[in-house]
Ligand SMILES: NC(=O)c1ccc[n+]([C@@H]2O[C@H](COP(=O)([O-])OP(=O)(O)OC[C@H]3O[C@@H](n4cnc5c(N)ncnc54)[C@H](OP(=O)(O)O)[C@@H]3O)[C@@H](O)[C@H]2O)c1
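In the block that follows, a single chain appears as structure tokens, in the form predicted on its own.
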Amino acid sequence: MQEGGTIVTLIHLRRPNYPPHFYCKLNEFVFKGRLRLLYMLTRSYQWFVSAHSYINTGPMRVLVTGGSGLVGKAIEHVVLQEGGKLEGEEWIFLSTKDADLLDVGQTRAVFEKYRPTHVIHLAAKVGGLFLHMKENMHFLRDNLRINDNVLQTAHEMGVTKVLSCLSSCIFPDKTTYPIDETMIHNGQPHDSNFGYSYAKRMIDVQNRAYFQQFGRRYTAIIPTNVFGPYDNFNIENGHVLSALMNKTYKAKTEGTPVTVCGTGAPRRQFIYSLDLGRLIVWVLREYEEIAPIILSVNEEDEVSIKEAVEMIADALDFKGKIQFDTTLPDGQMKKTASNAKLRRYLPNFTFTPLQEAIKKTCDWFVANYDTART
């Protein structure tokens, strides 16, 4: 007889007055218990394998999405020019020419082509304040699709670690300052770019879910306002500092005033792209938390837009008039971020002073004006 039948027979001999359906229920209970145990052991094994897949025994093969943009180029500089690449490692920097990450098939194909062990996910639909205000739905849908395609493909192909790039705009509009990593989901983001913000927030949700269900070591960084070489300097759609650099350079060459949108009162923490690139390489190698980490200069280094445009004028030797169009919106007035978590890990990291970083970026822009994104 089967083991279950033997148990039932022994019980039957000892307690002959039990009704027949009792033994059927007992057999059913034992069978279901064994199935449950088998399921739990299987799931535990799967979780163990996934959770420990981050223990990389060989050189990394790093795939950088959005590798031709501002942050991607900074990482490439750190890796190839500053000794950030270790022996045996392979770093692949993707651009939109390599794959349309909105398409899951193309995403899968590029992952199969390069078989990365690690992914730095920078690719996103991005733009300046006014483009975000006009196209919140497009920013929401496109970024949700890109992020889901990258993270799910990485999961299916067993990628050891994914490091995604969020943005400080994801934090609640109505909040206390300074903001930190625990406050991401505490309220609605600013109305001006809520589509992009919610899509970026979902990366944090996905990272936690991939870890909880599969043990995946996927995490994210939250940089404050980034600028530097290879940025988008388009006056309408570029980031604030880079757009102002282009606007100021044109005003200088044309002999016209510089008109700044808004009052110039909003305050921002600006981080130089090469500093961010160095920190990203550190996060990829050393940071093991699933929870995101803010990468930012110190709180006291926050400046107003008015102060920043004056630094740009000085860097470009612009002597003309700077005027502020107060009929245009300012956007979020401040989003001061705490870098306390970063400082616990890297208390001695030195950021490039803002005036110096602006000067370097302006020099790059002027030298590469014909090929820069304008």
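In case it trips you up, residue 1 is the first one in the sequence shown, and so on. None of the values given here were measured: they were computed from a predicted structure.
Although not depicted, the form predicted together with the ligand is the subject of the following passage.
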- Residues 197, 292 and 341 all lining the ligand in the predicted bound form, heavy atom within 4.5 Å: no
- Message: Looking at heavy atoms inside 4.5 Å, which stretch does the ligand contact in the predicted bound form, given the options 326-334, 61-69, 312-320, 345-353?
- Response: 61-69
- Query: Do residue 298 and the ligand share at least one heavy atom pair within 4.5 Å in the predicted bound form?
  - Reply: no
- Item | residue 101, heavy atom within 4.5 angstroms of the ligand in the predicted bound form | yes
- Message: I'd like to know whether residue 260 contacts the ligand in the predicted bound form, with contact meaning heavy atoms within 4.5 angstroms.
- Response: no
- Task: Considering only heavy atoms, tell me if residue 225 and the ligand come within 4.5 Å of each other in the predicted bound form.
- Result: yes
- The single option of 283, 184, 124, 244 touching the ligand in the predicted bound form, heavy atom within 4.5 Å: 124
- From the list 159, 165, 274, 151, which entry has a heavy atom within 4.5 Å of the ligand in the predicted bound form? 165
